[in-house]
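We begin with a single chain expressed as structure tokens, specifically the form predicted on its own.
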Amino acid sequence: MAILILILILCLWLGPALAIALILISRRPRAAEFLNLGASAASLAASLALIASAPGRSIVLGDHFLVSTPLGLWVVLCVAIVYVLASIYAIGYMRLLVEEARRLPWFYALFSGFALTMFVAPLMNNPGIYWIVIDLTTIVSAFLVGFEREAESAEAAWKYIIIVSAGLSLALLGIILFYWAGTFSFGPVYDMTWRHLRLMAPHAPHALLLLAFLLTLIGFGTKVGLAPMHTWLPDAHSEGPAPVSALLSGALLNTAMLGVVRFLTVLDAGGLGRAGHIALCVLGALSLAVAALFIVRQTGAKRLMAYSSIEHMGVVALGFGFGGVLGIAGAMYHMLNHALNKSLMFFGAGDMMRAYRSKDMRAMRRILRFYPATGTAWLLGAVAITGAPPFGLFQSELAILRAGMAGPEVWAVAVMAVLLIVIFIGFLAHFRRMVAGPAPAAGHEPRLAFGPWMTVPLWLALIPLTVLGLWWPPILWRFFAHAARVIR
């Protein structure tokens, strides 16, 4: 079993790695498009095989460098799904950037590299190496955020690097303190793995353990986009190309959240889990509050989606903060549903921004009249992203609310419920104006025609999102229950 999982992990990594090499050798835009698309399809197949073949427990591989856990593999699957959807969409979207045609091979090489780093991080057994790979995601994705070379995108890329690097510096200090805490049990030199951190936690000084956790929570919480460390996210997600925004929101944030959860399990093992869960719930509730305030008053299409990402990472944080089988299952289900939904929303925003030649939603009018297929998918996605039935996010948010009501953090349940209602009203008010507002002035009607590359991915995301709302597959519930028992 271990050998099979190791082979599948290598296959998962081989697709993007091979695509990078072949893209840089060929340097042809059309070849780069399909090499990246092939890599994404191969990675999705490998991630599904990993989920299907891995047992419901942790397995250490590769001379203790790799670890296969249910939660880690679930994050890998979410990354793979967004990667393949974004790779399909990128073919149509990036062809519109005529002025960047000669640089497209570099874009796709970076795109594959970004996906590769997110496939590597969840499988690292050493927290220090996990931190290194998360830092690599920042470096690679910063070039993608600033790819269009506009002043706004360059500023967003630099802001992203500076703020996230500051946060990750705090996370590194927290990891160092965790290692120091382990020296009280294992001596001055030992192999720092997730398991060893949990084993040393009951014997570590409580003050040191709590300080280390808070530093890693703030550090990796910055990468997740939890408020108040979220300030890089609206700019980075709104200024990068739409396929990059989808990967940043639907894939990267989950990858960073995994680190927060794993360090929370260390605190649980040390008997300080209550403090850690409260801290995570506070940041989750604060993220919902910040998102609600900015969503209601937003005018930029992609910035609206960016603040929605902050909202949904707050919901995921609350799920893990509430804990228990239902809270963890709801959080994991939310990761998948959000990955699908936010990909759809960024694709739709990218389409409309190109069609109406504006980032401002006030310029986007009568979208269903001009773009019935794309506009319908985008509108349904907007209903779904607010957590309304019958879509998947309704199921996951309901599970998280139920988990909170069964625990001591009832105040967070009330905050979450009220703010979700505010966000529902504010978010759909923007789409009401885009659907039913006054028609564009004569001569300003959108004339861009979308090909299947820019339309099909929206429906590929919407259909499973609807199915997951109508039917929570029992096999997924069993998988989440396994993950909750061996949460790592």
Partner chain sequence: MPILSFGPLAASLFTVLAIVSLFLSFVMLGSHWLKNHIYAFALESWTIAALSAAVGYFGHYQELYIIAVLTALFRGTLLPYLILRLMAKLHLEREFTALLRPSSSLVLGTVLVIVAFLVARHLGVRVAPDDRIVILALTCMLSLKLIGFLMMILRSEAISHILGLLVIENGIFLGSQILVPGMPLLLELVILFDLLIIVLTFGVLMRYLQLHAGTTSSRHLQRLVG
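Positions refer to the first chain, counted from 1. Quantities reported herein were computed from a predicted structural model and do not represent experimental measurements.
Just so it is clear, the following notes concern the form predicted in complex with its partner chain, a form of the same protein that is not shown.
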Handout entry: Stretch in contact in the model of the complex with its partner chain, which is absent here, among 233 to 241, 384 to 392, 314 to 322, 266 to 274 (heavy atoms within 4.5 Å)
Key = 233 to 241
Practice task
Please state whether all three residues 166, 177 and 183 have a non-hydrogen atom within 4.5 angstroms of its partner chain in the model of the complex.
Solution key: yes
Practice task
Tell me, out of 333, 107, 356, 131, which residue has a non-hydrogen atom within 4.5 angstroms of its partner chain in the model of the complex.
Solution key: 131
Fill in the blank from the handout: Heavy atom within 4.5 Å of its partner chain in the model of the complex, from candidates 289, 282, 192, 97, belongs to 192
Problem - Interface membership of residue 65, its partner chain in the model of the complex, 4.5 Å heavy atom rule - result: yes
Problem - residue 159, heavy atom within 4.5 angstroms of its partner chain in the model of the complex - result: yes
Handout entry: 4.5 angstroms heavy atom contact with its partner chain in the model of the complex for residue 205
Key = yes
Exercise for the section: Using a 4.5 Å heavy atom cut-off, state whether residue 149 contacts its partner chain in the model of the complex. Expected result: yes
Handout entry: Residues of 295 to 321 having any heavy atom within 4.5 Å of its partner chain in the model of the complex, listed in sequence order
Key = 298, 303, 307
